[in-house]
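Below you'll find only one chain, the form predicted alone, shown as structure tokens.
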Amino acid sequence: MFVLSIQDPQNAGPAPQPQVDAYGQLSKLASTFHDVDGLFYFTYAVCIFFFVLILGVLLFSVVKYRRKTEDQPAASNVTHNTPLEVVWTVIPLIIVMVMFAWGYKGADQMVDVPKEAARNAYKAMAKQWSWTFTYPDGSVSYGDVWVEKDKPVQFYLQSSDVLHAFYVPSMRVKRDVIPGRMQTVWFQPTEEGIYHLFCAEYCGNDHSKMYARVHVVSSAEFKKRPWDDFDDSTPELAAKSGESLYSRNCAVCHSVDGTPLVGPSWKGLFVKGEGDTIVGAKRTVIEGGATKEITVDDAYVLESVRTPAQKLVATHPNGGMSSFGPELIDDRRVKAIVTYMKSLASK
């Protein structure tokens, strides 16, 4: 296991470095799943033992049985040794079966959800290239999820587009997220802190940016609902909330300064009109195979979020963005994003 210095793609600053275990190999265990570590070090020890054994026999044979003269005959004409061949077939088979049984036990534990975890069930929705988390009370967070220390938690895993994977190294859990299928995984966090959550299945060009953070906090901190920071009570707060949503869901594909990314930039979507009013800019799109010019407005942005292929931006005719349905971003949050877009007109 190697340690990376990870920059959070959601603009939340540098991600915390994972602590390594006592052997400097795995990130520090922060859940109750010990079998993963046991199997890892068993496999590690087996590999080292057989590497040293085979290399030692090889070096010994090279030195002892080397040809000393050009006309020296072969030391032996034996072509095989049945007992020896049985030994080096049966022993590795036994070791591999032990590894298989041990690994199966650990994998089965991750999906054998106890009642305590089932009563604390979250949903994690994977989408190119972001995570949306729904809490047991129905509230939502993006890119970051909060759980309580020492309280078992279950995650129902769904994908809205392609194959992904839910991988939290410190919790020792990994589970594929398969389109059209509900997967599940659980763990019991044992130490407070911020932990990495990766997508561990290649899911497209920006797969490496599909990153989230798991916050393990005390019960008292959890009751403060640190994830529930959405506020659109004023235009200023709505723009701030929209910016937060942008950084967690949209920044991977859309820049705000004209930098070319996978999707079209948001720069210039809205501009200043007469009397400092904010108006939509003109944009060339492709709809139903026909090229046309439209004026950007709130309805166009909402349509682009819900049905991205309806009007493809002419500079990005291949599209590629999958739909953000109401279960991912509701209309209030889309309006906050539009408010943030309009605030960019003055920059």
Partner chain sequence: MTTNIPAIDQHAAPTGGSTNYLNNTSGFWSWASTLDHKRIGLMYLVGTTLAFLAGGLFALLVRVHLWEPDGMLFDNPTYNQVFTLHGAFMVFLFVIPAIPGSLGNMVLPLMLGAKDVALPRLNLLSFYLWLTGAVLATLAIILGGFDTGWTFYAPYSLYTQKAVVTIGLAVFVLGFSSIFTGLNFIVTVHKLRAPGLTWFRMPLFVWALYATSILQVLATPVLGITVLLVAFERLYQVGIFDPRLGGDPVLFEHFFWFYSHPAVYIMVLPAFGIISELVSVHSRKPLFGYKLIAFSSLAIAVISFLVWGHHMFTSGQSTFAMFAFSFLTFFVAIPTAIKEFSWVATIWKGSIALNAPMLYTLAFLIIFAIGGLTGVILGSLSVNIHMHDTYFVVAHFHYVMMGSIALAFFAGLHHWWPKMFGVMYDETIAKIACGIIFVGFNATFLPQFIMGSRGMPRRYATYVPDFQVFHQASTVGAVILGVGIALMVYCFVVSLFQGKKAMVNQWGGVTLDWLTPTPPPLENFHEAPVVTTEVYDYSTLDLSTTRTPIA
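Numbering follows the first chain given and starts at 1. All values reported here derive from a predicted model rather than from experimental measurement.
Although it is not shown, the form predicted together with its partner chain is what the next lines describe.
Out of 290 to 298, 309 to 317, 276 to 284, 62 to 70, where are the residues with a heavy atom within 4.5 Å of its partner chain in the predicted bound form?
Single hit among the candidates: 62 to 70.
Thinking of I54, P169 and R175 as one candidate spot, does its partner chain come within 4.5 Å of a heavy atom in every one of them in the predicted bound form?
Looking in the predicted bound form, the three residues I54, P169 and R175 all sit within 4.5 Å of its partner chain (heavy atoms).
Would you classify M321 as touching its partner chain in the predicted bound form, given a 4.5 Å non-hydrogen atom cut-off?
Contact check for M321: no, nothing within 4.5 Å of its partner chain in the predicted bound form.
Determine whether any heavy atom of H254 comes within 4.5 Å of a heavy atom of its partner chain in the predicted bound form, and answer yes or no.
No, H254 stays farther than 4.5 Å from its partner chain in the predicted bound form.
Test of understanding: in the predicted bound form, would T43 fall inside 4.5 Å of its partner chain by heavy atoms?
Judged by the heavy-atom cut-off of 4.5 Å, T43 is in contact with its partner chain in the predicted bound form.
With a 4.5 Å heavy atom cut-off, would you call Y202 a contact of its partner chain in the predicted bound form?
Because a heavy atom of Y202 falls inside 4.5 Å of its partner chain in the predicted bound form, the answer is yes.
Tell me, out of N77, S233, T259, S219, which residue has a non-hydrogen atom within 4.5 angstroms of its partner chain in the predicted bound form.
Result of the distance check: N77.
Which residue, W227, Y211, Y135, F270, is the contact with its partner chain in the predicted bound form, using a 4.5 Å heavy atom cutoff?
Spelling it out, the residue with a heavy atom inside the cut-off is Y211.
Heavy atom within 4.5 Å of its partner chain in the predicted bound form: which residues of 147 to 166 qualify?
Those in contact are D161, V162, L163.
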